[in-house]
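Taking the form predicted on its own, here's one chain by itself in structure tokens.
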């Protein structure tokens, strides 16, 4: 049974510095409730909105990145609805009808599918800048179970960029990948930090053949987006197959139970009573675009192409690119002479793995090695002073704890042959198990040799090879 998926992705321009129409801080998370507010973002009578330049610059930069058709002028409109977190009873946004004009029309959201090693595309309908409403918190944690709610207006007026796709996303997984790539691109552009709590929300629209469109509101993670879409496809198909009717409505995603629940009937666009905001004049985009084009804006796609041209395989290149701090470290190291193949393997595979195990923040640049240190390490491997595995097991764990490590020296090398003989004499049962066909015994013996060599450099692959040779030579004894 066929289905259609379209997304409305609400992304905060967290790096704007101010709210959209006033000078209050866009980084509202650090304030006590209802203290990061002013007459404008509280919608008090007589307070007039004044568009701030930086949020619009960032929105135009994102629009340029996705090859959008940017109009000569943009017009802000009022979208009317009534909810406690919206003090004015209307939201200032942009719309392509009713006399409005958004920051961009059309465009293409390209996104990478690493499983298929393929770039895919979905058409964009529009991008529009709008103000975020306040934040509603429920006494029981969700709207369905709570008797009352609290409203914090610190977020009210924070600039949002809403990205609306056409209903042509092929699968729930593609929806997830598309949103993840959009967020990654906006981070590279310098528009947002997608890891901040509440920095993006997705409204997913889905309909199966023979049913009306359903909107699932306020999905807060890309994983939940995929899960919610899979559930809705299943739910709607069951209704249609049972000769029931899927009626148009808005639903809520419950991530704990993994289901969607009905919230209300879906409003039509006419009910929002869109019209141009009379308090905000038309804004010319040409002078703002000139500023955008002076910036050195890059994208994950461009970085990946650059890394791939250095001979790095695409899977490793993508692993580098998905962490901006990792990609920047790699490119700086290569620019001063580090070997790209060795450096990419260190950063994208082993160093990243150790960072995760240690619980350190992968996205902070200070947690990644100094490019000069990375060059020194790659030179040691390239010049065959040490093997890659000797560096991997003896240096990288130390480097994670001290990314600016000045002196790169391995401990004195141990004699693997001597240690292997000692272990084989001490672990006779494990040796016998190996001869009985229990291959896991070999892993056990390798571990014992490495443990004996603790504090001294040793290549685990070399140990395994020598141990196997010793075991086969001694097989006639057992």
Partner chain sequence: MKLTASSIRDEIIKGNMDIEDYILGKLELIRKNDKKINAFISIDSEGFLRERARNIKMGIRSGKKPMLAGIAISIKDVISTSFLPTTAGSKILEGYIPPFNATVVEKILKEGGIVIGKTNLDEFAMGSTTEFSAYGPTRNPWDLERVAGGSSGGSAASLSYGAADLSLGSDTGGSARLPASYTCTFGLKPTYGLVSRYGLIPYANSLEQISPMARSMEDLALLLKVIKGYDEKDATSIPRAEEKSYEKFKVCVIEDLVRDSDRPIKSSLYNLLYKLELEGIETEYRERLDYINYALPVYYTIAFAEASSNLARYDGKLYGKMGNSETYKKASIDTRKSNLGLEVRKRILMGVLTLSEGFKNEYYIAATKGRRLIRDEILKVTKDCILVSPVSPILPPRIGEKIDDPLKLYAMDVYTVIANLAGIPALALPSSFYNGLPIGVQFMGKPFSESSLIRLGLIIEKITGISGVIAGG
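Keep in mind the model is a prediction, meaning the values are calculated, not measured. Positions refer to the first chain, counted from 1.
Beyond what is shown, the protein has a form predicted together with its partner chain; the following relates to that form.
Asks: Just to confirm, with a 4.5 Å cut-off on non-hydrogen atoms, which of 430, 47, 453, 446 contacts its partner chain in the predicted bound form?
Replies: Comparing distances to its partner chain in the predicted bound form, the residue within 4.5 Å is 47.
Asks: Consider the chain as shown here, without its partner, and state which of 337, 255, 353, 281 has a heavy atom within 4.5 Å of its partner chain in the predicted bound form.
Replies: Contact check passes for 281.
Asks: Among 382-390, 295-303, 85-93, 242-250, which stretch sits within 4.5 Å of its partner chain in the predicted bound form, heavy atoms only?
Replies: This holds for exactly one stretch, 85-93.
Asks: Quick one: does residue 315 come within 4.5 Å of its partner chain in the predicted bound form, counting heavy atoms only?
Replies: Contact with its partner chain, no.
Asks: Using 4.5 Å between non-hydrogen atoms, is residue 42 touching its partner chain in the predicted bound form?
Replies: Yes, residue 42 lies within 4.5 Å of its partner chain in the predicted bound form.
Asks: How about residue 275 - does it come within 4.5 Å of its partner chain in the predicted bound form, if we only consider non-hydrogen atoms?
Replies: Taking the distances in the predicted bound form, the answer for residue 275 is yes, it comes within 4.5 Å of its partner chain.
Asks: Taking the shortest heavy atom distance, is residue 357 within 4.5 Å of its partner chain in the predicted bound form?
Replies: Although its partner chain is absent here, residue 357 would stay clear of it in the predicted bound form, with no heavy atoms inside 4.5 Å.
Asks: When its partner chain is placed as it is in the predicted bound form, are 51, 80 and 153 each within 4.5 Å of it, taking any non-hydrogen atom of the residue?
Replies: Yes, because 51, 80 and 153 each have a heavy atom that approaches its partner chain to within 4.5 Å in the predicted bound form.
Asks: What are the residues of 182-207, in order along the chain, with a heavy atom within 4.5 Å of its partner chain in the predicted bound form?
Replies: If the 4.5 Å heavy-atom criterion is applied to its partner chain in the predicted bound form, 182-207 yields nothing.
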